[in-house]
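Form predicted alone, single chain, as structure tokens, below.
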């Protein structure tokens, strides 16, 4: 069902007989460019999207958090006094849907709320209980960060009930800690940070080393379209492990702390010392960092053509050098790129399935979505889901 402030408030009123004290929303995201650079201390350029997780809530006078999930049609409850440090090892993954409960969230949706509460309390925040109703329209398992949206919505709700100041970078780090140590997914900071700190009308250039952020406007007259291939990732954990090891090996051979500190010239000088696969992985990461900074410059100038060119380059690099694309993703990018209204398209997210993203002329976005979906279905037999997205604000209290 469509979700918004009115709908979640009505759902809360139906369940509890009166309006909520607060409503919070936290968005999903799509990454425009800067893929597999985050764990190499690099740059990313994501955009919060107008699909989100919503929570309507009222305070309680005890330490119980009780939430009803509309999407899962089930209640969840826990005591803030009974959250103990989990004895689990993180599963290496760039996004939870690679190893989920089959519905999108690893370990069940309530674990994301529990983990966020645990993380805030571990950081010294005093929390209080609340009753809530939860719903969202971020597609599950598509690489649009439904889990980070849930964590940041939970953090916003916990902050509201506990009368805590909202500090986006701090809350993003605590959300990342929840996913790493409670849920068990060894993700980077990008997803939580864009969900916490997104800006309407802008993407967010994030330095994954310093966590400095800069809003960068979308070129005027453009729309961002998310193209879900309706295929999901397989074997991404082992592939991610291998890519990460190869990047670390390349950094050691180049004598740098992380590939963010290397240059293409230095890589070429050291090429003879590297395994060919390691060389290709490093080439992607180094070039992708450069592309991301160039893309931000193009956006500041309003140059949609240059941004689209860099997106195409990014996809070819992810396909050929990093080798994390798939037949379905390649087909979707080909179909999107063939449309007269498309400036550029690329796979987005971890790869091996999930979504592509395209930059298109705003006045033709609906035509592009319809035509590209039809072309992709003819080419692959898969029925895609296509979303024309607006750049949204980050987590907010309404």
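Numbering follows the first chain given and starts at 1. The structure presented is a predicted model; accordingly, all values stated were derived computationally and were not measured.
As for the form predicted together with a small molecule, it is not shown, yet the points below apply to it.
For the options 47, 335, 342, 350, the residue carrying a heavy atom within 4.5 angstroms of the small molecule in the predicted bound form is 350. When you look in the predicted bound form, the only residue of 296, 187, 120, 225 with a non-hydrogen atom within 4.5 Å of the small molecule is 187. Residue contact with the small molecule in the predicted bound form: residue 368 places no heavy atom within 4.5 Å of it. Contact check for residue 240: a non-hydrogen atom falls within 4.5 Å of the small molecule in the predicted bound form. The small molecule in the predicted bound form is approached by residue 36, whose closest heavy atom lies within 4.5 angstroms of it. The candidate stretches are 368 to 376, 57 to 65, 27 to 35, 326 to 334, and the one lying within 4.5 Å of the small molecule in the predicted bound form by heavy atoms is 27 to 35.
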